[in-house]
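Quick heads-up: it's one chain on its own, the form predicted on its own, in structure tokens.
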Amino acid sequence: MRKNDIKRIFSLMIALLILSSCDSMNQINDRGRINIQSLSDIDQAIQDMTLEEKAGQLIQAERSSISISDITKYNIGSILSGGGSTPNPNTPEAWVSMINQMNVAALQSSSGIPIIYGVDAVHGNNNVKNATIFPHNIGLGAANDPELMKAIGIATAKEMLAVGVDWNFAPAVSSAQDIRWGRTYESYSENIQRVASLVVPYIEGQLSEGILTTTKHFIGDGYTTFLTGEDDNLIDRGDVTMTKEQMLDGNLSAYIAAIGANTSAIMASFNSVNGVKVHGDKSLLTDLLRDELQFKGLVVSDWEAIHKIAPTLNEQVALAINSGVDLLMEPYKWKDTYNAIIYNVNNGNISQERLDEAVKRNLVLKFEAGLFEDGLLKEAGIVGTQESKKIAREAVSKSLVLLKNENILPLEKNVKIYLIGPASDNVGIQCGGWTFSWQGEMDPNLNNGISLKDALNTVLSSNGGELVSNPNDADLIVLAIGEKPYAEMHGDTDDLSLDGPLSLTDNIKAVELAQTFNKPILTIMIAGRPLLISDYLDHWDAFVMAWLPGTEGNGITDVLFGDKPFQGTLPFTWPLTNEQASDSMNMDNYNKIEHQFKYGDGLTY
């Protein structure tokens, strides 16, 4: 079958789907069940809903665990894709077709209320093949550019709309205080004021394009104490053991800023605060978030997070909802959770008033997304646009931090370079976790991105320079080292050394080899946090921290060759030892301790 024939057949299928769904919408509208034209209509709609219909609206299921018929039968309110959960093929057209089918099913339910679809587009629409992958938050914190943040918010929103998604589980306003935490790269900075200044324009950019945002994770995320991690984790999902006042001082300003920017939702955090899980803590989710901070939007639970707050599912559901959770992210146990909601309401464990309050917040979220308007069904767009790649390239160039330079940068474009190191030619390493799958991919050509080697070769080959195969022919050595891709839980470590368990296997081999050539060495680190380098820094003539730059590796060479200046500054303290990994928590002694580099360090030409 020819390619054009396939396209025509696919277009016909979409057209039939749209016609079918329009009939379904008309039938539902005739019953008046989705006739929500304004916010004032929502209260009446809730009065008309059955308990079962309300229970369905409080459920968020994973796409892989629910059928189209289940969406109709159970009045399911929301669907999500976890990391790496995609339709097959992973194209905008397939995404849109899937979401349209789900919404047709929702419109055919007894309530006729559409679904809302959420994804973790945490550095671009990172589940989608060939999407633009921006630097992770730690790099954007180094860039510290609010205007750039708004542009990234807009660009990411456009690539989400291209696949039919309305809701983003971002931004994270975590402020990691111990860089051994596996989610450090999801933090803009250890300094909450820098975090707060960057989160607002990102939210504004997303909202301006119609994408709903989720500020996460409320609260204490990044402040958990080493060795208190849940299950086998060292830090992740652990316990905040400082006083509540200290925790709030280090967290609240970012949430106040996000609420002021009209963030659509807030996600509760896995961690505990002084032994009490946040998902079951009414003093935090209601008394603080609702009453003191005046947040009016929706509170969503994290992935299966309620399962740790009480012994049985019935107790977990009641405690979470009564504490202030409005939507339960229950990817696989969604049906049991649905039944638990009904059980708890019927037995008086959840009041009708609290149930209706949670349902209303879900319906308001959908109203804000425009899901009750005509034209509910989506059309596919384009990801990986030149516009978004240009913004990502700028972000990479602004995120680089120059930490040592003994007169070898900027490089001449006709220089001869011997390039070595395990991070030198791998886009998957550049992207890190939450890219195409939850934990990331060691794929050299991930999303058709530009590796460091690709970028160097492009500049050199056009200007009389060369990547040489013999170090004896080189003017200098470029050494690229770093970390393996990882995400939450699996990213916790007790060893930040270059040969630690999450560091790239050949880091030390490449470091030692580079020293044997008697040539100037430019070292580039590609990692989600600072790694220990005190034993090697003296051997390097220049050192650049590139963080996790994503797919646009040419942003690195823009700065190395002097087309753009170094602008980045360290958003985190760089330790000399593993024991200093949490020094940002102990600011009383911070200035009395010698670190490798201090927060805010960064050289220019």
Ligand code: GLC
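Numbering starts at 1 and follows the sequence shown. Just so we're clear, the structure is a prediction, and the values are computed from it rather than from any experiment.
Although it is not shown, the form predicted in complex with ligand GLC is what the next lines describe.
Residues within 4.5 angstroms of ligand GLC in the predicted bound form, judged by any non-hydrogen atom, belong to 210-218 and to none of the other stretches in 153-161, 210-218, 395-403, 67-75. When ligand GLC is considered in the predicted bound form, residue 178 lies well away from it, no heavy atom lying within 4.5 Å. Not displayed here, ligand GLC is approached by residue 329 to within 4.5 Å at the level of heavy atoms in the predicted bound form. Of the heavy atoms in residue 120, some are within 4.5 Å of ligand GLC in the predicted bound form.
The shortest heavy atom separation between residue 80 and ligand GLC in the predicted bound form is within 4.5 Å. Contact with ligand GLC in the predicted bound form, defined as a heavy atom within 4.5 Å, holds for exactly one of 488, 466, 475, 93, namely 488.
Contact with ligand GLC in the predicted bound form, defined as a heavy atom within 4.5 Å, holds for exactly one of 202, 185, 434, 134, namely 434.
Using a 4.5 Å cut-off on any heavy atom, the one residue of 253-268 that reaches ligand GLC in the predicted bound form is 267.
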